[in-house]
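Just one chain is shown here, as structure tokens, and it is the form predicted on its own.
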Amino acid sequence: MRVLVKGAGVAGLTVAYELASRGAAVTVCEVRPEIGHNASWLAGGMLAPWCERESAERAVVTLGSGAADWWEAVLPGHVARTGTLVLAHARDAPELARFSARTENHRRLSVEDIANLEPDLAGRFRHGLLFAEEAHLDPRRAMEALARELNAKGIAFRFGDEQVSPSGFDRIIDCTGIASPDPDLRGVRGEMLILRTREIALTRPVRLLHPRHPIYIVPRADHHFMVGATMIETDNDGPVTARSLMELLNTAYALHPAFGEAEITEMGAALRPAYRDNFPRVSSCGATITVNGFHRHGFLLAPAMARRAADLVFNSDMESDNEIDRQRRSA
């Protein structure tokens, strides 16, 4: 079985891995000259299905709860299983109560609990929530490591190719994200910052709830922190706006004043592909299978969607997600 995977974001790389693991001869083509610098490159890397339940359907928990295991099995040592800490200032206590009511698999924290988990946040928050079974990884290191694993499996990469002829391939997997011609896709703009400071240390992602500007802060190597992310309904993929920059910095400062003196080492914005229900799909049309629409759940749901795509390649009787959707609508 010869398969062409179009796109080397997290969807394309995970699909390529699943196919290669089942014996397919895979070629990955990517219009960019190297791995990265796409929406996946700017992701937070949080493997947080129970937190995401606050605004997503239960299927995100069902399909995403195994993501940390998949990434750890494929890339040992890349997954940090330290959980997710969710906080809110006293004036925003209703936000914390609402978040707690809409999610599960967490425990409520006291001032002392928070101080034990994150000493640099001691005394700043009265209550919080700990989602102890959640995890995170560095998306950039994970994508680069996964590409090396694929190379070791003999998978061919074609970088900088606008068009690769489909002749000679049995199946084509389209994982091109927002560049896909699918008319049902829309762009959801996400903006992020990377800050560097030695004045604060965190061991897990922290979500700070706010009625208008909630953020998450994810610790990275060498005293770096990824701060994100806005969700703006637009097709504008231009640079980070002044408004978003101020909102992200102000809310990071509200978590801890040390972020006010941090260096801004990077700013970035990208369009995340999404369908109307904000849930990814694996759909087929002839010899082409499309894997797309991950919204903000790329690293969380890519393993499950990749397995489904590989199942479709090796089992022609299996129904694709678009056929299942049609059956639901007609029921």
Partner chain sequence: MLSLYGTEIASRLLLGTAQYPSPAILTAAAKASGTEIVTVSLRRESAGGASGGRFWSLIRELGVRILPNTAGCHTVKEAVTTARMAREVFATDWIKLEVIGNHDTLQPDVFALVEAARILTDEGFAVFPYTTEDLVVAERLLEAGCKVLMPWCAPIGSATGPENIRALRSLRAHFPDTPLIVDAGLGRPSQAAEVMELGFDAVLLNTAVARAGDPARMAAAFAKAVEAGHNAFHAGLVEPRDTAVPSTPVIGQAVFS
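Residue numbers count along the first chain shown, from 1. All values reported here derive from a predicted model rather than from experimental measurement.
One more form of this protein should be noted, the form predicted in complex with its partner chain, which is absent from this view; the next part is about it.
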item: Contact segment among 298-306, 36-44, 259-267, 277-285, judged by heavy atoms lying within 4.5 Å of its partner chain in the predicted complex; value: 277-285
item: Distance check, Glu72 to its partner chain in the predicted complex, heavy atom within 4.5 Å; value: no
item: Its partner chain contact in the predicted complex: Gln163, any heavy atom under 4.5 Å; value: no
item: Its partner chain contact at Asn116 in the predicted complex, heavy atom, 4.5 Å; value: no
item: Close approach of Thr230 to its partner chain in the predicted complex, 4.5 Å, heavy atom; value: yes
item: Contact test, all of Thr27, Gly66 and Arg140, partner its partner chain in the predicted complex, heavy atom 4.5 Å; value: no
item: Heavy atom within 4.5 Å of its partner chain in the predicted complex - the one residue of Leu185, Ala80, Ala88, Leu150 that qualifies; value: Leu185
item: Interface residue in the predicted complex among Arg158, Arg196, His127, Arg98, criterion: non-hydrogen atom within 4.5 angstroms of its partner chain; value: Arg98
item: Residues within stretch 52-72 having a non-hydrogen atom within 4.5 Å of its partner chain in the predicted complex; value: Glu54, Ser55
